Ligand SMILES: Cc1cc2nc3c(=O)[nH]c(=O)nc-3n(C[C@H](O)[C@H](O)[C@H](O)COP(=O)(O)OP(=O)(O)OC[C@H]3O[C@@H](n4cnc5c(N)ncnc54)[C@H](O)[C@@H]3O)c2cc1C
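The chain that follows stands alone, in the form predicted alone, written as structure tokens.
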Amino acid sequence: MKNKGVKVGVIGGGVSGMTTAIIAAKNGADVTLFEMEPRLGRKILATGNGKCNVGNVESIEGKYNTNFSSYILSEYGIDEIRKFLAALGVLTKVIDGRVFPYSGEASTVQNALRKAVEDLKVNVVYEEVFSITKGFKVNDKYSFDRIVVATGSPATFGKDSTKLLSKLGHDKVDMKPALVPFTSSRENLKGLRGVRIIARAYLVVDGVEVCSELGEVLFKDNGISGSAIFDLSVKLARLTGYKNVDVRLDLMPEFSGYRVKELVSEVGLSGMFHKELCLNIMRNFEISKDIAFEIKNYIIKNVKLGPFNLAQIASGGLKVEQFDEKTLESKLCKWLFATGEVLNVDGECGGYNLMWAFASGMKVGEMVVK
């Protein structure tokens, strides 16, 4: 039975916060949405290179750092998310497994969510939340029956607000930038700014290759970016206690080392790569005397996670062990919920993080009126 008229405070006006507010308001709740930015959903415009990759039709298995997300995503999967968006007037399409608004514009999603918030008469308070006390009083002046923390992370231009729940007994895993470029010592980067290549990138942690990704690699002045690097950054952000990290690039992953050697002899290096990359390979060749080896083992040394302002998400957040995986309600404080990125749930590149934001918001929007 719906608990109509219940007063719900939602902290954070991003995707998960607005989704929670919309579902709760549709179910009769009296919702107040807090946002510290001057405009709701500002971060949406930076997602998917401005195209807003809202989800993925492929399996979610192995795409997240934890199985905690599995139950919610089994209940509110990509089909339910697309229906939710369609009800808001957003048509979606699938490109290579990834789901985008048909318009190709992130602003379409932002505007639809904002319009629904306005149409449902959600009370929006543009104010940073500094405290949540027992009895659910926000900033010592707003009182609620239910509280939802949807504050996201420091990624892009956000903030780590996990401390809001520390006084209520909640612990966190320190947040680190993820889906972010790597910075490096600049070795093997000379002249390569702007060069793109499809390669297999291996993450080498303290001398051990721990994982690899096949995809685009974009060279920058002080590091590397691209889809393959973004996925490696998520894996690195989850690790602790390491001393050194390198990235090994296989620049011709579809060929064996022997075949690469043949191709260099048949075609010539200049017919295979960008001229600046050829120069760098030749510099390495002068030392190793094995050009095929250098092509299959192009090393970027001493890489580190880039800064939060370049990150799409953060790894870390509120410890999920302290929340119910089926309802996202706190195990320590009844009627307190958390959604989206503020929880220690992170996904790989491909729309998986926005999927979690929508799904967790949809679930909690239902739960706050129970």
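Please read all numbers here as calculations on a predicted model, not as lab measurements. From 1 onward, residues are counted along the sequence shown.
Beyond what is shown, the protein has a form predicted in complex with the named molecule; the following relates to that form.
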Would Asp145 sit within 4.5 Å of the named molecule in the predicted bound form, counting heavy atoms only?
no
Lys63 near the named molecule in the predicted bound form, any heavy atom under 4.5 Å?
no
If we define contact as a non-hydrogen atom of the residue within 4.5 angstroms of the partner, is Gly152 a contact of the named molecule in the predicted bound form?
yes
Is Phe34 close enough to touch the named molecule in the predicted bound form, meaning at least one heavy atom pair within 4.5 Å?
yes
Would you mind picking out the stretch of 77-85, 122-130, 279-287, 263-271 that comes within 4.5 angstroms of the named molecule in the predicted bound form, counting non-hydrogen atoms?
122-130
Checking Ser184, Thr92, Thr108, Ser161 against the named molecule in the predicted bound form, the residue with a non-hydrogen atom inside 4.5 angstroms turns out to be Ser161
Non-hydrogen atom within 4.5 angstroms of the named molecule in the predicted bound form for each of Val8, Ala116 and Gly365:
no
